[in-house]
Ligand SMILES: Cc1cc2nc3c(=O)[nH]c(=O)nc-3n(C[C@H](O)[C@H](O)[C@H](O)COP(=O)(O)O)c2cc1C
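Heads up, the chain below is alone and in the form predicted on its own; it's given as structure tokens.
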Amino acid sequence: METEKEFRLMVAPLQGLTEAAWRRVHFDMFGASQGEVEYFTPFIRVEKGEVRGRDLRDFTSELNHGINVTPQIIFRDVAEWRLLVETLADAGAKRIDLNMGCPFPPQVRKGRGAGIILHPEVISEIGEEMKTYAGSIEFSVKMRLGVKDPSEALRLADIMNEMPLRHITIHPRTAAQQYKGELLLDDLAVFTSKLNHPVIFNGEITSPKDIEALSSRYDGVMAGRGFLRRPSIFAEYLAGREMNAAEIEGLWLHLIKGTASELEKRLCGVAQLRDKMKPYWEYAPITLDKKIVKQGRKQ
């Protein structure tokens, strides 16, 4: 008898947004109603030869207690990868996600994020390094289809199949597209047909219906910008009921208020808190009164 496959729900890492305070408040709001959701930290990087302290603290924060959190790392070579993994292992990490998808040009130009896709020899060596952590750390990858050409990822299929991975999350665009333009679904289909790992779909997930449509084709979804705008999306999907605009707006405002309260305990002064909270208002529900959004950006 064939068993039903596990369909995984994941919250994408977004720099400066899906950090410990936001995760804590979101988890406390939705908890079991959103199932076994896995949150990912914004990427942890090497800076001046050391793992950046504030990145690491986001993973080790007491605010993560009881939450299913996986740290994500960004790297340009085996040396950076090894330093990051060893540091996170010492910090208690049992899972680590590899960022091979960040489209931010300064990172890509330095061979990090999506830029690493152009260096198959580095990816292959890292795959061998992963095997030395068998039984202690599980790895996964989040990636794009390439830097400029979607065929760039296709060239990595054999290498990635040799890597011990929990799953591969794919955003079906190139880095050059950033977050705009069509999803390259035909290229995605070709690439995933070559993979033997579970595939998680990431990109333009804005409603429970989107998740439902993807559930028969992939092993899970990872929602990012759509999740920030509609933080109830996984709970709605699992409940089989879409909330109305007023419900979504109310939950979003509650989450933002809670995040601000949590950050207020840790930041120095009103100006710092305002700067930290301002980006969240870029992801306000599109139905939210524009006067409320305008006021929120100024607070």
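A quick note: this is a predicted structure, and the numbers were derived from the prediction, not measured. Heads up: residue numbers just count along the shown sequence, starting at 1.
Keep in mind that the form predicted together with the ligand is missing from the display, and what follows is about it.
- Within this chain, residue 283 lines the site of the ligand in the predicted bound form, having a heavy atom no more than 4.5 Å away.
- Not displayed here, the ligand is kept clear of residue 177 by more than 4.5 Å at the level of heavy atoms in the predicted bound form.
- Proximity of residue 287 to the ligand in the predicted bound form: non-hydrogen atoms within 4.5 Å are absent; the residue sits far from the partner.
- Proximity of residue 99 to the ligand in the predicted bound form: non-hydrogen atoms within 4.5 Å are present.
- Proximity to the ligand in the predicted bound form, taken as a non-hydrogen atom within 4.5 angstroms, holds for one residue of 237, 39, 30, 43, which is 43.
- Taking 219, 204, 125, 162 one by one, only a single residue has any non-hydrogen atom within 4.5 Å of the ligand in the predicted bound form, and it is 204.
- Heavy atoms within 4.5 Å of the ligand in the predicted bound form map, among the stretches 196-204, 126-134, 86-94, 153-161, onto 196-204 alone.
- Counting a residue when any of its non-hydrogen atoms is within 4.5 Å of the ligand in the predicted bound form, the hits in 8-23 run 12, 13, 14, 15, 17.
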